[in-house]
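The form predicted on its own is given below as one chain in structure tokens.
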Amino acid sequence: MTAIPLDRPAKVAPKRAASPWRIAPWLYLTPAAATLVLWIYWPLLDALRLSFYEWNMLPDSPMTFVGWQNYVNIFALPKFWQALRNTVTYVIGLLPLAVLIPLAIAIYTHDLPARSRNIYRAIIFVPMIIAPVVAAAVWRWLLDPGHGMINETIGLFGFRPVRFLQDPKIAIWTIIVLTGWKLIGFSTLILSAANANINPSLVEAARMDGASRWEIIRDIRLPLLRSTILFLSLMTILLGAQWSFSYIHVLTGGGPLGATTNIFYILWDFGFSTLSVGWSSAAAIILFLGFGALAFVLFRLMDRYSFHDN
């Protein structure tokens, strides 16, 4: 029998010399970094440069340096402030449609039988997969004040036709409802997935302690859904007005009397309707700075008030 030497030192794999010039990790990041630079930061810097010039986008047209004049002109334009007020209205109007109603649907359909729940949520999600331009064209027929199906139905009850897209006081809320109609399905899907990931043992323990359904929602589901609710609120505040662009462009063109124009539509209007690149770029920079500051505050609030079940 051969004795095994116990004092033999174990073989240790030689350490690879750390080199400050290892480039493999950077090569993995290169495509993403190049994409960000090419599609995000370069256009942003170019927009900042063009905001100080007057130019009509024609290749043979000279670019005239005007300094801060484009910014001064935009801030003096009543149309800009009207678009800014409308943007706030869009955000406030979309929050219940994009967050509160989907939250209620996600919670109250969670306990349905699986087949009924899936059918119900699929029906709600259908508007999300319809192209915005197609949906806008269909809604224009439905809302027609003369022969639209909705006004025909209203007339059966003895009421006068409603000018959904022609009345300045109603038009903006019509666009908000149509935009929210598409967002309900997406938000319901996100909240349903988050609700399904809640640990069932927490709910069962609460039921064994005699908690009612509302107490389970208030003390377990809502706190654990807080991160998702804050995320959807952040998305709606930052992008809600932008999502309404297609409906504004197809249904109202920003009218009547600028009642449905928001800050995103006026930016497009400056650039591609009046061919004023300087004004459009200046509006884009103002929009970037304003929403960038808002995003910073919202992300700080999200980090502070999010709650995770570990």
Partner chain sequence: MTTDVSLSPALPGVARSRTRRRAQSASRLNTAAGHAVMVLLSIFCLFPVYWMIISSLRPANAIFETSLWPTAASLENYAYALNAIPIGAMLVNTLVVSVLVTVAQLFTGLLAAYAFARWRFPFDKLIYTMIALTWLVPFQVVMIPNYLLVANLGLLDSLAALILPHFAGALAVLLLAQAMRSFPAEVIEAARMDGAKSWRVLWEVITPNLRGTIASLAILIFISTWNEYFWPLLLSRTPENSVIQIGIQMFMTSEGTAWGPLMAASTLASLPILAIYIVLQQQVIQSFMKSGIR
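We call the rigid core the largest set of C-alpha positions that still match within 1.5 Å between the two forms. Note that the coordinates shown come from a computational prediction; the quantities given were computed from them, not determined experimentally. Residue numbers count along the first chain shown, from 1.
Omitted from view is the form predicted in complex with its partner chain, to which the following refers.
The chain here is shown without its partner chain. Which stretch in 133-141, 88-96, 71-79, 220-228 comes within 4.5 angstroms of it in the model of the complex, by heavy atom distance?
Within 4.5 Å of the partner lies stretch 133-141.
Contact residue in the model of the complex, chosen from 198, 170, 154, 205 - any heavy atom within 4.5 Å of its partner chain
Looking at the other structure, the residue within range turns out to be 205.
Taking 4.5 angstroms as the cut-off for heavy atoms, does residue 160 touch its partner chain in the model of the complex?
The answer is no: residue 160 has no heavy atom within 4.5 Å of its partner chain.
May I ask you to state whether residue 29 is within 4.5 Å of its partner chain in the model of the complex, using heavy atom distances?
Flag for residue 29 set to yes.
Wondering, does residue 238 line up within 4.5 Å of its partner chain in the model of the complex on heavy atoms?
Yes, contact at 4.5 Å.
Contact label in the model of the complex: residue 257 to its partner chain, heavy atom within 4.5 Å:
So residue 257 does not count as contacting its partner chain.
At a 4.5 angstroms cut-off on non-hydrogen atoms, which residues of 43-76 are near its partner chain in the model of the complex? List them in order.
Residues within 4.5 Å: 43, 44, 46, 47, 50, 55, 57.
Is_shifted residue 65 between the shown form and the other one (CA, 2 Å cut-off, rigid core):
No, the C-alpha moves less than 2 Å.
Classify residue 40 as shifted (yes) or not shifted (no) between the shown form and the other one, where shifted means its C-alpha moves by 2 Å or more with the rigid core superposed.
Indeed, residue 40 is displaced by 2 Å or more.
Given a superposition on the rigid core, I'd like a yes or no on whether residue 257 shifts its C-alpha by 2 Å or more between the shown form and the other one.
Comparing the forms between the shown form and the other one, which are aligned on their rigid core, residue 257 does not shift its C-alpha by 2 Å or more.
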